[in-house]
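The chain that follows stands alone, in the form predicted alone, written as structure tokens.
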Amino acid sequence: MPIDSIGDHYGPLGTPPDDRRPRIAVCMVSSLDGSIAVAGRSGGLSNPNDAEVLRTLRRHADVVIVGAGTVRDESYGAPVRADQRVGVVTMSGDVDVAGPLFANGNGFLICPTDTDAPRGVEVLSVARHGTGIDITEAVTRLADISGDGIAQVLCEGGARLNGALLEADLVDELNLTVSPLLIGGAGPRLSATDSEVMQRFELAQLIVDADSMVFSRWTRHQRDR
């Protein structure tokens, strides 16, 4: 498939499941054996088509949420859309808010109420839940930072944030690129939770490109909710 056409297959993220929260889509790339990073970064698993999928999904999202570790490892910059907000989830508040993500006011922090957050950046303070944050409270209060009309949220990892959404049954859609590589090692999986969680999804779309990269789109099985 030509590189300039794959984004045409990725339309809006869909409607929210109800009027209490936005629709949440997760976008990730993994190896054949489930690793989401090579030498700590996802770039070694990706290709131009995968990058185009991510750019397209970002264009459709009202807000992006991402873990602080992913922001550091992937060297996040400012989003292409000047009006797009990016919520960085951190338990410690140890985030470089002098970087380009925060320079123009795009980035904000999502952290527990008792976290000593850095100054000079907007913060969405939420309750703790176990070893993480109350992710349900976080996603339902995104309008506190970004204003009304938050209908579609894109989550870009990492594994702990994905796992928190999974445990809270907040993953409505998974956009997963599978790279034709076996990695081995002890790298992180797509989601990490304290206990096993089983949820059923339905295949909505499947594309294979000339590099044998597999692009799949999965939606939450509504009858299991």
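Counting begins at 1, following the sequence as shown. In this text, all values refer to a predicted model and were calculated from it rather than measured experimentally.
The same protein also exists as the form predicted together with a small molecule; that form is not shown, yet it is the one meant from here on.
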*Report the stretch among 35-43, 55-63, 178-186, 196-204 that approaches the small molecule in the predicted bound form to within 4.5 Å, counting heavy atoms only.*
35-43
*Work out which of Ser146, Thr90, Thr136, Asn106 lies within 4.5 Å of the small molecule in the predicted bound form, going by heavy atoms.*
Thr90
*asked:* I'd like to know whether Glu122 contacts the small molecule in the predicted bound form, with contact meaning heavy atoms within 4.5 angstroms.
replied: no
*Though only this chain appears here, would Thr70 touch the small molecule in the predicted bound form if you measure heavy atom gaps against 4.5 Å?*
yes
_4.5 angstroms heavy atom contact with the small molecule in the predicted bound form for Glu173_ = no
_Partner proximity in the predicted bound form: Leu166 to the small molecule, non-hydrogen atom cutoff 4.5 Å_ = no
